[in-house]
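So this first bit is one chain, no partners, the form predicted on its own, shown in structure tokens.
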């Protein structure tokens, strides 16, 4: 096969496009600008770390099932670990989100990066909600019965039935986490590709 024929293959074209947009020196940089040494980026990393704990603890809970996390001491611990990692996840994400908002992080062609962060936040809210109604306790019954009227009034109740435990559990452990993880990965890749937004330029008034 000639080099021209190889260049026409979709795999070759895709590889070249990925290499142009996501070069290795941007994906795994050796250094970062001085302004990256900011607490606002610490909360971004904290969000990613908490997400990893959420996924790991959720994986264990899914393997063991509701009876285990309600009756076992270790199950109570893993369930609490899952809950508090979610709390830290949202706490750090909100601070990171608002911090980047006031820094106008969408500057320099980074608007889509900002949008993916916002959509990830909204997806995470839906994921947390389905988790609350999947606890199989009185709290989940109360939350689902109070939420059903509001959701039904929007028309979403025709395919999103909060009183259906099986459906809510599948949304919580499969569909929504998958969407959140993919969006997070896309967000991080876009940050790497575009770089971290620089601080505002100081305006010097002429005298």
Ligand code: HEM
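No experiment lies behind these values; they were computed from the predicted model shown. Residue numbers count along the first chain shown, from 1.
The next section is about a form of this same protein that is not shown, the form predicted together with the ligand.
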Counting only non-hydrogen atoms and a 4.5 Å threshold, tell me whether 54, 81 and 128 all contact the ligand in the model of the complex.
no
So in the model of the complex, is the ligand close enough to residue 147 to count as touching (4.5 Å, heavy atoms)?
no
Answer yes if any heavy atom of residue 193 is within 4.5 Å of a heavy atom of the ligand in the model of the complex; otherwise answer no.
no
4.5 Å heavy atom contact, residue 121 and the ligand in the model of the complex:
yes
Contact flag, residue 41 vs the ligand in the model of the complex, heavy atom cut 4.5 Å
yes
Only one of 63 to 71, 44 to 52, 155 to 163, 139 to 147 has residues with a heavy atom within 4.5 Å of the ligand in the model of the complex, and that stretch is 44 to 52
Within 176 to 194, which residues have a heavy atom closer than or equal to 4.5 Å from the ligand in the model of the complex?
184, 187, 188, 191
